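A lone chain, given as structure tokens: the form predicted on its own.
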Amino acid sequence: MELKKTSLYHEHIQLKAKMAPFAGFDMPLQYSSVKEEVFAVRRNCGMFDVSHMGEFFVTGKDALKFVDNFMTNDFINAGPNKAVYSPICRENGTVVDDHISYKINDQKILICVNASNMEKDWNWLSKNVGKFDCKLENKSDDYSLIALQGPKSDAILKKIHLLPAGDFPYYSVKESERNNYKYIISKTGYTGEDGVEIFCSHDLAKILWKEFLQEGVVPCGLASRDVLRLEVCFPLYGHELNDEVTPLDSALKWTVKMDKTNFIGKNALANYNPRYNLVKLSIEKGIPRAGYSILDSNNNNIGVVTSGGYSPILEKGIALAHIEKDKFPKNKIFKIQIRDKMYDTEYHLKPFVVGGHK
């Protein structure tokens, strides 16, 4: 099957990006090196083409109620022009996907879903929209999405007159217009750094990409994006989250608001005893990868790495891992098996890197 191309595909080719298939799209994996791109985002400003993501819109009288019903987090009580991160669960509490919903207004909501789960999410939401007085539309093909991330992102946005006037705190969203081009800008991202995500037409995306390049913004690929999200311990569907686990198995209890009147999966989660603990581990030598075994101090197999890689910031291997709850070691000593060798780890309570979002 032929891979889809984003509106910025030719920009990536011109920049000699290393391309790779991802979720049915031909996407930029990296441009320079993962290390250079990670440092650009942590210290300066980088940008990502994430136009492969899915954009669903909900409009109508019951838009808020519908969205609040399918997410475990509290959307109804989020303030105006706020974005909310949340898992989407089945009745049994397992995770369909994680996503962000954006409250453009009470009767217009943008739902951004993972590219690899777009069809599954669409089918699930379509199945559950019937009893609500609202319209659900898939407009993924109509939108490009650029993520501008890093401590200098606000300064660049101000310079090109793209930053909304007034207060624009973390997890805010605003609909705006520039030179007759409408766009949606949100103070969100997947790196832990300050920055925005810009949902816009394909034509505006090409204009903005070139403007950002002229301002010295470093183009970054999906490889560095994955490292950046792992450094700040953001979950990735298919790794920390999947069809077999609940949010309570993956350190997302904070997103499950049991004081809500109802949401899909509430009854199951109210009576659920988590099977796993999600832990953060680092090693001085070696690079952990998803699927590697986690062992206790007696070399008993107790879990598996869900995400792993090398952190350019820390200059060491880092990993998130699911540990079977009934095998969780009281001494909190963990080993990672890489091929036929066992590597001692450092157990972390906090994210490996503290991002600079504000």
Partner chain sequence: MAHEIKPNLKYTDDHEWALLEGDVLTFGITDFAQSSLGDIVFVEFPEIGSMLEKGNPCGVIESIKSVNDLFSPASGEVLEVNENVSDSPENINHNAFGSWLVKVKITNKSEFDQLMSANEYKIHCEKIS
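Numbering follows the first chain given and starts at 1. Nothing here was measured: the structure is a model prediction, and the numbers come from that model.
What follows is about the form predicted together with the partner chain, which we do not show.
- Residue heavy atoms within 4.5 Å of the partner chain in the predicted complex occur in exactly one stretch of 55 to 63, 297 to 305, 323 to 331, 34 to 42, and that stretch is 34 to 42.
- The partner is absent here; in the predicted complex, the one residue of Ile111, Val227, Val217, Val95 having a heavy atom within 4.5 Å of the partner chain is Val227.
- This chain is drawn without the partner chain; in the predicted complex, the residue among Gly286, Pro274, Gly238, Pro151 with a heavy atom within 4.5 Å of it is Gly286.
- Looking at Ala223, you'd find a heavy atom of it within 4.5 angstroms of the partner chain in the predicted complex.
- Taking the partner from the other structure, the partner chain in the predicted complex has no heavy atom within 4.5 Å of any heavy atom of His348.
- Shown alone here, Phe22 lies farther than 4.5 Å from the partner chain in the predicted complex, counting heavy atoms only.
- Tyr9 falls outside the set of residues with a heavy atom inside 4.5 Å of the partner chain in the predicted complex.
- Contact with the partner chain in the predicted complex, defined as a heavy atom within 4.5 Å, is made by all three of Lys18, Tyr310 and Lys341.
- The partner is not shown here, and in the predicted complex the stretch 239 to 263 never reaches within 4.5 angstroms of the partner chain through any heavy atom.
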